[in-house]
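Consider the single chain below, provided in structure tokens and representing the form predicted on its own.
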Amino acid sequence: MLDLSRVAGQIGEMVGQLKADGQERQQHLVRALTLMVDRSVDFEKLKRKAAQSKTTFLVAGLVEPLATHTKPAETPTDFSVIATDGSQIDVDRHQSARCYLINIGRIRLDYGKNPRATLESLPRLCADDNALVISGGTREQVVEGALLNIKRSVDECQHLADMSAELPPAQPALAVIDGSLILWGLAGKEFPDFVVEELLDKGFIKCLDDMLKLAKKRPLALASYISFPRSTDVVNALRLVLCPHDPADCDKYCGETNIGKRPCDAVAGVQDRDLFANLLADSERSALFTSQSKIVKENYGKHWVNFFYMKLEDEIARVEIPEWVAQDTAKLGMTHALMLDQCRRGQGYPAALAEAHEQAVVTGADRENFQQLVEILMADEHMTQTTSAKSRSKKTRWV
């Protein structure tokens, strides 16, 4: 049990530091906003510099001029929005039954002449040897923890692709995923190549391929939604404006310089959402940008992740879309309009995602009931149950 009285003083110090940092960050924000609207900044030159520089931070690829702001297109009369979300019960190594469960919430909302809502919760128990590991030749990787989170994301995308195929072919539709289109869980991790191939190439990217095939024949767009984003990709592009070297090379020119003393630190601490909260009017979207993350460059191909920011009544949201949506003016406009419409219907958060979450969520009580049901059914079959001393200790407190 956490003793709050012992940490209260530390919280007070943290709040004081945040206040002091906030004053400096406000000065940096003013500098960043000035750069965003500075017409003397050569956009094409900055675009080339962003592509050629070697930086220690992630810089957004530039597609449209920085200060671009676009009003939403008209919302179609009849349209559908589909969304998925998921949760899981991880492998419990203290229990005798080795298994995990993935629960996917699926939502389809039809608007217009024939309004309809379809809400589903689809739990899947995985306990056989093939489902508990990912195999590559003679090697195996156990599916649990971070890897189970990634597998769940792949399942969410697979269900979204399946639902897309069931939509009326002529009806405009938006398919929505919660969070990022980028499988960050695989980025920077030392997973074997066969794991990346199974989950990304044969899993997530394969689902995107299926959706692209459908989108070539019907008005279908795909997007992911990130609420309260903490990204700094666009601010980092402004760092290149301040860098006197072209192309920039952080290690070569500033490797020995302390953080806070570099020319680009004049915009340090500012987040992208701070910029667009000041630049965008309500409902507008920002310029388009592209992700330059390594995992996207190496694996996403025709699904290269683009993104824009959108101003809502209470926050700035980040919307990520694959390249084939970004390059189609009609689908880009529809994505902006329908995502905004969903947020209005959901009181600031996409209604379809909120409902998908409700269908997917697994509570602490659900986890306990699940484990008890497993134990009861095993006992009915007279199966020996071996649990750890730690597990038994939690059930029988003795102090």
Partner chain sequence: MKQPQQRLGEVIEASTTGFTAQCYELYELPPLGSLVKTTEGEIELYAVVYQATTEGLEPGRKPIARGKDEASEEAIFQSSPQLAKLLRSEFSALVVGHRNGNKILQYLPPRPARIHSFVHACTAEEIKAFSQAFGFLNILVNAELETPSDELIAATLRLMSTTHEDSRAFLVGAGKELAALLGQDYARLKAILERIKPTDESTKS
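None of these values were measured; they are calculated from a predicted model. Numbering follows the first chain given and starts at 1.
Same protein, other form: the form predicted in complex with the partner chain, not shown, and the subject of what follows.
- Site annotation in the predicted bound form: the residue of 29, 50, 351, 337 reaching within 4.5 Å of the partner chain with a heavy atom is 351.
- Of the candidates 109, 147, 254, 268, 109 is the one whose heavy atoms come within 4.5 Å of the partner chain in the predicted bound form; the others do not.
- At a distance threshold of 4.5 angstroms between non-hydrogen atoms, residue 116 is in contact with the partner chain in the predicted bound form.
- In the predicted bound form, the partner chain sits within 4.5 Å of a heavy atom of residue 358.
- For the chain shown alone, residue 367 is not a contact residue for the partner chain in the predicted bound form, no non-hydrogen atom being within 4.5 angstroms.
- Under a 4.5 angstroms non-hydrogen atom cutoff, the partner chain in the predicted bound form has residue 345 among its neighbouring residues.
- Between 319 to 327, 97 to 105, 117 to 125, 151 to 159, the stretch whose residues reach within 4.5 angstroms of the partner chain in the predicted bound form through a non-hydrogen atom is 117 to 125.
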